[in-house]
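Next comes just one chain, in structure tokens: the form predicted alone.
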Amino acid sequence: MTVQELPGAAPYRPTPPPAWKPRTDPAPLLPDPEPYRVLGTDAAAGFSPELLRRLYAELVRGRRYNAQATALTKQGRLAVYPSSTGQEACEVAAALVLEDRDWLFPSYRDTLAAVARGLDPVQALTLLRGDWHTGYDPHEHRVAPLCTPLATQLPHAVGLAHAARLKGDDVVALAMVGDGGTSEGDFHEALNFAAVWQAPVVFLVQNNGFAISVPLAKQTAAPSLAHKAVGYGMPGRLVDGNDAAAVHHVLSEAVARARRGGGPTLVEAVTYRIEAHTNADDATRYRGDSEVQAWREHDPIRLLEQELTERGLLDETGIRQAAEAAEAMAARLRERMNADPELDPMDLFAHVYAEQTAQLREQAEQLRAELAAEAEGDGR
């Protein structure tokens, strides 16, 4: 018997709260009016010199990695490469703020973030070479497969983070997306679920100005992409995406907040895509050289190098050593990528299901027979 059925009980009348009543005070969720900066300000003095030097070394290595990968496309060794030149501060900071147990959910442009997290550079490029859907074990490296469809990795990050929270695991997911991805439905669904569930996930939007040829002004009329967080009930942070120390600081705070149960954060890093969208794009058709040159003056490597040298934390020897280490990495990458991969056609059926379906087994047997017949015809 329910309460409503008890003799003399008043009729049950559900009284939900008014729909117009705010569930939370929006003021603490609003981003700052201007992007947060560290380099060139008094706040820089509070940063560890070791951290700043490590960020610098990773930025220099990342710039050389982008240049080498772009060259590999021109040599036919990569099918396509979406360069993150100019955005290295976002990529490196995203990798360095995470603990080993945390997960990174990259987009197709975030190969550098995966490499900075410790992934083998060749494995990070396997998808873009066209050999495999992914060239590494996501679980081993805690790096989800590079995601080519826009923003579909965001709900995946929320799902993993929510599952970890339910299990009591001390895990945070950091999901990366470009400004173009914020126009996809997956972006909005992911933010809504993350906020409702208070999932330990951080969303990093690299606002590089263009979704291929579409400028941000034609995508949204919001004051900033960080403001979109407020509509879902999470904090929005706005940061200078070319200031490596600032991005690291903001992401570190967001990750710590998520880990202690504070829920998700949306971080917008304002940066710029110096190179074209990919090697198949002609960026001169929709933007001018003067715009690109203005952003070159705000280069993330130059900003950090200036800070370090002015504080006596970096000299010519340190600059040369960073460049030499980056060049050695590029030489190893070039040598390994110039070797033709040995591919097994039967790998088409590997890692599709934990246990192959009857249809896959049938298709595998058909291909095996065709390969055997071809080898016999060739006299092998």
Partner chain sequence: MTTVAAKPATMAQALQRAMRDAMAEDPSVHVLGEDVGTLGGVFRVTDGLAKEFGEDRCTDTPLAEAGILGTAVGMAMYGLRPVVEMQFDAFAYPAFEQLISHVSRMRNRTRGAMPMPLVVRVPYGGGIGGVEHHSDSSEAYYMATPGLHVVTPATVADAYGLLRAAIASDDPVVFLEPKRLYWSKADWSPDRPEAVEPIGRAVVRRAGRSATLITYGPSLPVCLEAAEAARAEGWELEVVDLRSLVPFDDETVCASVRRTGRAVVVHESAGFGGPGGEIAARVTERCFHHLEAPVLRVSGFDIPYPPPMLERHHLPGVDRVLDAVARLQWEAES
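Positions refer to the first chain, counted from 1. None of these values were measured; they are calculated from a predicted model. Under this definition, the rigid core comprises the largest set of C-alpha atoms superposing within 1.5 Å between the forms.
Same protein, other form: the form predicted together with the partner chain, not shown, and the subject of what follows.
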Practice task
Although the partner chain is absent from this view, report whether Gly118 comes within 4.5 Å of it in the predicted complex, heavy atoms only.
Solution key: no
Handout entry: is_contact(Ala328, the partner chain) in the predicted complex, heavy atom dist at most 4.5 Å
Key = no
Exercise for the section: Evaluate Gly46 for contact with the partner chain in the predicted complex, applying a 4.5 angstroms cut-off between non-hydrogen atoms, and reply yes or no. Expected result: no
Handout entry: Non-hydrogen atom contact Asp347 with the partner chain in the predicted complex at 4.5 angstroms
Key = yes
Handout entry: Heavy atom within 4.5 Å of the partner chain in the predicted complex - residue from Ala71, Val122, Ile212, Ala256
Key = Ile212
Problem - Interface stretch in the predicted complex with the partner chain - options 109-117, 245-253, 92-100, 204-212, non-hydrogen atom within 4.5 Å - result: 204-212
Exercise for the section: Select from 152-179 the residues with a non-hydrogen atom within 4.5 Å of the partner chain in the predicted complex and write them out in sequence order. Expected result: Thr152, Pro155, His156, Val158, Gly159, Leu160, His162, Ala163, Ala164, Leu166, Lys167, Asp169, Val171
Exercise for the section: Superpose on the rigid core, then tell me if the C-alpha of Ala339 is displaced by 2 angstroms or more between the shown form and the other one. Expected result: no
